[in-house]
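Next up: just one chain, as structure tokens, the form predicted on its own.
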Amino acid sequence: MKGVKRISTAARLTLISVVICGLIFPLVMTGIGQVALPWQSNGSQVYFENRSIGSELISQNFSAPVFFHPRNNSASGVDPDITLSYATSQIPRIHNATGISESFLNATLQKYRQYTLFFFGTPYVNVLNVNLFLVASYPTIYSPYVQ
């Protein structure tokens, strides 16, 4: 009888743990996320021509020479941002591939420039946002790459 009681106690504790950790906690965290950060909680979807093409928080794979490329050797490889200096180093390649003036490409990077600590820290740009701006600004150049 003692063995059955121990199993019964263990089963109840397991059931309580599953309900709390597997049901209540995730629902509470999802609710908090939806209230506090709804855009990020829903995947930070970026739309182009009324269809989702990616997330602003996860790196997209741009490999054509006409686009700015994300870092391919950085930790997890999912960082959507690149430093302004790395983006600037890609301008000659994009200029040669597209004919877009280097001054326009520099101005685009300045337009999308952000800082790690408000106005201080390392300046960076979001690759997806910059590339989408280029696609919208030069649809004839980028039409073969947009499906």
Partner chain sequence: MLSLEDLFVVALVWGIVIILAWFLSRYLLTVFTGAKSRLDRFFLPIENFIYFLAGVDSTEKMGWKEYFKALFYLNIAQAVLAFFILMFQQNLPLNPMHYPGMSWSLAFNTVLSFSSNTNLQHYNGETTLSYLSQMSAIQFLQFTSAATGLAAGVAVLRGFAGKAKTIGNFYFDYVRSLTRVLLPLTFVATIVLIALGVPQSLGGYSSIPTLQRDAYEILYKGPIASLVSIMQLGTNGGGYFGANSAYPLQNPTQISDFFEIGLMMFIPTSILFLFGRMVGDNREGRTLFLAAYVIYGIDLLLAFLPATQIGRGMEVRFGSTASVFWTVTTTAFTTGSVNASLSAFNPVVILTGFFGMLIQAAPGGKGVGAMYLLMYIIVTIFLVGLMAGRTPEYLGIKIEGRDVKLAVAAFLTHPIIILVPTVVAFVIGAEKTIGLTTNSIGFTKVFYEYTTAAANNGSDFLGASANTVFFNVTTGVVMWLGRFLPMLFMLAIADSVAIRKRTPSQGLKTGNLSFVIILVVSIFILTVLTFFPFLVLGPILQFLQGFKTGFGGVVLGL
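Numbering follows the first chain given and starts at 1. The shown structure was predicted, so the numbers you read here are calculated from the model rather than taken from an experiment.
We do not show the form predicted in complex with its partner chain, though everything after this point is about it.
Q | Close approach of residue 88 to its partner chain in the model of the complex, 4.5 Å, heavy atom | A | Residue 88 lies outside the contact set for its partner chain.
(Q) Is residue 100 part of the interface with its partner chain in the model of the complex - any heavy atom within 4.5 Å? (A) No, residue 100 is distant from the partner.
(Q) Using a 4.5 angstroms cut-off on non-hydrogen atoms, would residue 140 count as touching its partner chain in the model of the complex? (A) It does not: once its partner chain is placed as it appears in the model of the complex, residue 140 has no heavy atom within 4.5 Å of it.
Q) Do residue 59 and its partner chain share at least one heavy atom pair within 4.5 Å in the model of the complex? A) Yes, contact at 4.5 Å.
Q | Residues from 24-61 in contact with its partner chain (non-hydrogen atom within 4.5 Å) in the model of the complex | A | 25, 26, 27, 29, 30, 32, 33, 34, 37, 40, 41, 42, 43, 44, 45, 48, 51, 52, 53, 54, 55, 57, 58, 59, 60, 61 sit within 4.5 Å of the partner.
Q | Distance direction in the model of the complex for the C-alpha atoms of residue 34 and residue 117, relative to the displayed form (3 angstroms or more) | A | Residues separate in the model of the complex, at least 3 Å farther apart.
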